[in-house]
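Below you'll find only one chain, the form predicted alone, shown as structure tokens.
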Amino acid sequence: MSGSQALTSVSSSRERELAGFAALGARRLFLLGGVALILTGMLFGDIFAVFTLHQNAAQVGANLAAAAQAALAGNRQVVLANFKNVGAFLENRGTKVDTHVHIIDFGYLALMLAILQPWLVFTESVKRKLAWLFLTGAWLLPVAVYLIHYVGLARSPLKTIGWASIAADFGGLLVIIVTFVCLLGLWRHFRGKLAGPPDTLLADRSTEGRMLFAGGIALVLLGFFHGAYYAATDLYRHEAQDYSLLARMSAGAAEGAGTVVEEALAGYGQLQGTKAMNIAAHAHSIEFGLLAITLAFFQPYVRLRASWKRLWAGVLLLGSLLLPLCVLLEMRFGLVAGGLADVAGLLIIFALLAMGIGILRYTGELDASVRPTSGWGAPR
């Protein structure tokens, strides 16, 4: 081996060796970034639910009722004005929901990419750059989506797309590029049939890891069963009611029957609320189940006492079960169930925050204990 080749080999080995100890290695960047994204998204969702969601829905309902009354009176201008208001309220709600969903989904994707890091055939330096690029896009997109309602088309070079939308698209492009490159690195690993590095995270069998894994599977199954039950018993009936109520509204407006229109509007609002609650409960149960399963792999990186780790795992699972259940009961028990759902969301936030603090406290003991003596990542 020539001197330059030996130097390159030693440098490469040293880089892989240090990667496990790096305070801001790619895996920890993805892990901490993912937890931060999910925490922010859930906190934003709780604030939005308390201060915006219900008030927004009330404004939409009030404007629809006013539009129906104006249609009965033949006042075209008032009808148009109310529908314009409805569009503005729906856009406001839509951008907030999109912000909440995207930031949490990017958090999940970051956690998945954190799991895959040892199998990506790139240098640690490239992995770190990919992690920073991903996190840049993952934060840029939801922030830009949030601003769409407020920025609009002001000073935009395009007639139909504002600066906030352009920034959101750029953030999404960054996330897509990084995900594609990571998949390419994974493909290179399997194509080269390389032996992966020893990974204690995937081999962990701690109590809290088993709790989160089993609880996450149970939550996913509950979400699937609820979705199947709703589809089999209520979905098609609700779709038929949807069409029927809209037809009654139109017929009542044409005949000048104000009472019929008001009854149809009230029924339509209740129907939409029921559908939304069922869909939200179904989605949240599966979502939190996947979160618990993913976090189960990272418990060795949570530097807390075993009793505290078990406690926070239990708190996360409790909140993950209560939140979709309380969301499902909102139509029957109103604000009481809604308040309990918000409390359940806070339990999940507290548990995630505690795990995030534990990950920040981690200083590399696990990496030191599993440092290979031969093969991938071993010093030469």
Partner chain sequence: MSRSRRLLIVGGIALAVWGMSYGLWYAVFAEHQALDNIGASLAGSFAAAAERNPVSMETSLEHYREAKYIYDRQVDVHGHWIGLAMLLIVLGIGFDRVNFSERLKVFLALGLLLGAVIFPLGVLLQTLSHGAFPRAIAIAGSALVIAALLGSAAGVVARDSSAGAG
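Remember, predicted model here, so these are calculated numbers, not experimental data. The term rigid core refers to the maximal set of C-alpha atoms that superpose within 1.5 Å between the two forms. Numbering follows the first chain given and starts at 1.
Note that the form predicted in complex with its partner chain isn't included here; everything after this is about it.
Its partner chain is not shown here, but in the predicted complex it comes within 4.5 Å of a heavy atom of residue 106. Remark: residue 250 counts among the residues lining its partner chain in the predicted complex, judged by a heavy atom distance of 4.5 Å or less. Taking the partner from the other structure, its partner chain in the predicted complex has a heavy atom within 4.5 Å of a heavy atom of residue 209.
With a 4.5 Å cutoff on heavy atoms, residue 183 counts as touching its partner chain in the predicted complex. Proximity to its partner chain in the predicted complex, taken as a non-hydrogen atom within 4.5 angstroms, holds for one residue of 280, 173, 126, 260, which is 173. Among 271, 88, 143, 293, the residue placing a heavy atom within 4.5 Å of its partner chain in the predicted complex is 293. Taking its partner chain as it sits in the predicted complex, the stretch 133-164 comes within 4.5 angstroms of it through a non-hydrogen atom at 160, 161.
If you fit the rigid core between the shown form and the other one, you'll see the Cα of residue 158 move by 2 angstroms or more. Comparing the forms between the shown form and the other one on their rigid core, the Cα displacement of residue 244 reaches 2 Å or more.
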